[in-house]
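The chain below stands alone and is given as structure tokens, in the form predicted on its own.
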């Protein structure tokens, strides 16, 4: 039930059709009697800068979830940026400070890493390839570096974006071996699709799946469907994998803390979610 006292959490992105977070947060809020609601708000990239600050002038706004294509653009619009978001160069959560300031952090990478570790994979000393250096890819790369991977390869169709991420990683993780420019997955222990490829019918695969070792762990960020064409191909190779919503479930406990709500576990969230594809 949405009341006049309900705290609004905007879910900002475009397009909104693939949004899954409201189907997790809202059932959880309802079950636990938390007077808050996550509301999808479709905002195109060209309108975002003009829209964000007026949105936070609403008297009942509490915060925002940020998704594609706004994660990178959000950084320049904030008053305070937490360290993880600085390294990633992107933000996926905004909360309103008591003085009206906008405070941003990034949890995509934390969610991805928690999911991989929960599945029993070792990241310490691993070799990882992240394809896509936008908001979610940058966050995953930053969290993989923090988790202790030995080597991190970055690829993006827009090379300067991958190079910028590589430079930030070298500053904060000087012992990490960073390479930029190739999406060849051969020889990597972890292969991540952090691009939007898979959201549209007929999209090409982000890498040559035939060159992924069957022993590799494959991660996906696209949430339009549970098993994307990329994951289907990786599964056929015999690879262990992580679906896009796994990252979402694992990061929401960190989000809840950020927004000042009661804590939850990923399993509790899965139990009440009403995700549909």
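Just so we're clear, the structure is a prediction, and the values are computed from it rather than from any experiment. Positions refer to the first chain, counted from 1.
Keep in mind the form predicted together with another copy of the chain is missing from the figure; the text below concerns it.
For the three residues 43, 51 and 58, verify that every one has a non-hydrogen atom within 4.5 Å of another copy of the chain in the predicted complex; reply yes or no.
Checked in the predicted complex: all three residues contact another copy of the chain.
Look up in the predicted complex whether residue 256 has a non-hydrogen atom within 4.5 angstroms of another copy of the chain, and give yes or no.
Residue 256: no contact with another copy of the chain in the predicted complex.
Do residue 271 and another copy of the chain come within 4.5 Å of each other in the predicted complex, heavy atoms counted?
Residue 271: no contact with another copy of the chain in the predicted complex.
So, in the predicted complex, is residue 210 in contact with another copy of the chain at a 4.5 angstroms heavy atom limit?
Residue 210: no, not in contact with another copy of the chain in the predicted complex.
Please check if residue 37 has a heavy atom lying within 4.5 Å of any heavy atom of another copy of the chain in the predicted complex.
Looking in the predicted complex, residue contacts with another copy of the chain include residue 37, since a heavy atom lies within 4.5 Å.
So which stretch, 212-220, 43-51, 225-233, 247-255, is the one near another copy of the chain in the predicted complex (non-hydrogen atoms, 4.5 Å)?
Single hit among the candidates: 43-51.
Using a 4.5 Å cut-off on heavy atoms, what residues in 1-29 are near another copy of the chain in the predicted complex?
If the 4.5 Å heavy-atom criterion is applied to another copy of the chain in the predicted complex, 1-29 yields 1, 2, 3, 4, 5, 8, 14, 16, 17, 19, 22, 23, 26.
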